[in-house]
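Let's start with one chain on its own, the form predicted on its own, as structure tokens.
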């Protein structure tokens, strides 16, 4: 098990290098001069040129990339062009909000999606099954910004239950959490239903029924653990996506999270922030995938035996 974990962590190195090169190339080759953006359109050419020299923007592309990688290995990811603060000081100042939103949303989506999917599979072709599948289809079809605006209109403006913006207290997290959880919950519901239907048709389930086992025992003792592996994969992928994809929800609810910081940095061509945020999210996503693989071993002893070998 430990060798497997170390091997997966070592595989992060080429992944991070590849991601950093792609992002560095895109930011470098897109139109726009960071020095001009920082100083404004009314700054003199001499001032812009001096700033470009100070930031190292006049160096060749490969030299700048190698210099960036070398500094990053030493733990120096640079400072923001816009604020002048170290990169990870800005990132860690915004990340807790995004992490809370992603965590609350995934907990809500999992707590609702898995039971609804199980009930739909057990009561296949019933009214409950049809209603849950229609609801899941609607949630996957509606864009998150529209759901967020409708929630604000109903629960903030009309009913005045939750605040429109801000997260000063727990009530401020309710509407953004529901907005983010809607799509993930629909995906988890459909995946749980699909995998449960496959498991229910297996021979060992029919054997358990023939021996007189109750439906409750069959579902909770024999079916759920075998059906959860694809569901855990979906949960892990969606959680990783939420960490880097909350920008629309953060914009709708005016929340200062990591997504908002990243979009602002891209607009300003703030390369240190963009590079640092993307690398940070790539590492976080890879660690989530590793944790998902380890959860497989907890759910299915056969997977744990493979890791041991």
Partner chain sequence: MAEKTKKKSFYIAVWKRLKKNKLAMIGLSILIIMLTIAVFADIIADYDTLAIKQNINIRLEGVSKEHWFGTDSYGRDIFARIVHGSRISLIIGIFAVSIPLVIGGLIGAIAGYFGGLLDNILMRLMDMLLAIPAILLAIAIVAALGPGMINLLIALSIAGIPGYARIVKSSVITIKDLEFVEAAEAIGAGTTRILIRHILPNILGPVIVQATLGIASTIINAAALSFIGLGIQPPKPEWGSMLSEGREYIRQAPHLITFTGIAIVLTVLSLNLIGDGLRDALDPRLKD
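Positions refer to the first chain, counted from 1. Note that this is a predicted model, so its numbers are computed, not measured.
Keep in mind that the form predicted together with its partner chain is missing from the display, and what follows is about it.
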Its partner chain isn't shown here, but in the model of the complex which of 84, 96, 75, 143 has a heavy atom within 4.5 Å of it? 143
Of 38, 57, 26, 69, the one that lies within 4.5 Å of its partner chain in the model of the complex (heavy atoms): 26
Let me test this: is every residue among 5, 111 and 173 within 4.5 Å of its partner chain in the model of the complex, going by heavy atom positions? no
I'd like to check something about residue 244: if you look in the model of the complex, is any of its heavy atoms closer than or equal to 4.5 Å to a heavy atom of its partner chain? yes
Residue 22: touches its partner chain in the model of the complex, heavy atom cutoff 4.5 angstroms: yes
Tell me, yes or no, whether residue 198 is in contact with its partner chain in the model of the complex, where a contact means a heavy atom of each within 4.5 Å. yes
Would residue 62 count as touching its partner chain in the model of the complex under a 4.5 Å heavy atom rule? no
With a 4.5 Å heavy atom cut-off to its partner chain in the model of the complex, the contacting stretch among 174-182, 85-93, 112-120, 152-160 is 152-160
Taking its partner chain in the model of the complex, which residues along 265-285 bring a heavy atom to within 4.5 Å of it? 266, 267, 269, 278, 281, 282, 285
